[in-house]
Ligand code: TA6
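One chain follows as structure tokens, the form predicted on its own.
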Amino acid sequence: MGAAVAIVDLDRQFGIPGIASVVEGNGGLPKVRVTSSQASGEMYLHGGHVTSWKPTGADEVLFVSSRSRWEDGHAIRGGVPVCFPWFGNKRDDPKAPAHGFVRTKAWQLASIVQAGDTVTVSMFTESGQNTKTWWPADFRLVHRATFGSDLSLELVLTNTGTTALRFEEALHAYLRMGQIEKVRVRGLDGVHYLDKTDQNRDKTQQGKVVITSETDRIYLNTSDAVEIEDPVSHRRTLVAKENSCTTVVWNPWVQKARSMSDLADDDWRQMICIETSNVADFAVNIERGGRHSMKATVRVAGF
């Protein structure tokens, strides 16, 4: 009853009648549901996590696994998880949660704002006793998602402590594809990358990215947009970014997908992750009182 009352209270405080409402989502978790003339979408307070974006007249753009665990302490499998303050495994603590701790905790709803045909949902999380178990820094992290004909995502980190801090970050977007074997990714030709499936060896991309096996690559020192050609779905998906120096491309392929309990065996065929990020040697340094913003914009067009 307490959770249901909290959701009603949040909707009363932040909802926009006919446009945006706070409702109960999967697993009883609260989410913001947006419906406007340009798009529909969903964003969970759990992880500050966008799980749906569907431009008017188009199919769903984001992939979410039917086997995702919708519960505290577990990341939602799909959509756009927020990775922070480290990416992958924590280098000095193998027991720490993968991709940081913010994607598995409840965030707070800050605002829902309508501007013309777009709706912006802002959520935040802050440092506290629980976060300092894993990371000593003081911080405030905001995830701002704008739903419209484009999906605009912004992470804003403020250093609220008294010392400098260094962190990694990623908007780990799962994009729905028709058939991964036929997908082609443009915009990374000639870029150096670390191949995580081959002992982090430094390699250079030649031409378009084609997924033919497990793929886990960190493309380095790149600020360019990436375009995904999906002939089966007759769609091009463009991911542009700001203040991001790395792009991660990930697909688990056959064996890795089978080893993941929250991913169906064949889900790898219908998804690709294009991650706007600052990771590895491109981690971000912020002085005390400083602020950093990273943005990603997703748009779709016919193929």
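Predicted model, so just to flag it, every value in this text is computed and none were measured. One rule holds for the numbers: they count along the sequence shown, beginning at 1.
Beyond the structure shown, there is the form predicted in complex with the named molecule, which is absent from this document and is the topic of what follows.
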Practice task
May I ask you to choose, among Phe147, Tyr193, Tyr174, Phe84, the residue with a heavy atom within 4.5 Å of the named molecule in the model of the complex?
Solution key: Tyr174
Practice task
Could you work out which of Val113, Val210, Ala98, Leu220 is the residue within 4.5 angstroms of the named molecule in the model of the complex, going by heavy atoms?
Solution key: Ala98
Problem - Contact stretch among 40-48, 242-250, 58-66, 26-34 - heavy atom within 4.5 Å of the named molecule in the model of the complex - result: 242-250
Problem - 4.5 Å heavy atom contact, Glu168 to the named molecule in the model of the complex - result: no
Handout entry: Contact of Lys105 with the named molecule in the model of the complex (heavy atom, 4.5 Å)
Key = no
Problem - Proximity of Lys256 to the named molecule in the model of the complex, heavy atoms at 4.5 Å - result: yes
Practice task
Although the named molecule is absent from this view, report whether Asp230 comes within 4.5 Å of it in the model of the complex, heavy atoms only.
Solution key: no
Practice task
Would you confirm whether the three residues Arg77, Asp216 and Glu275 all fall within 4.5 Å of the named molecule in the model of the complex, going by non-hydrogen atoms?
Solution key: yes
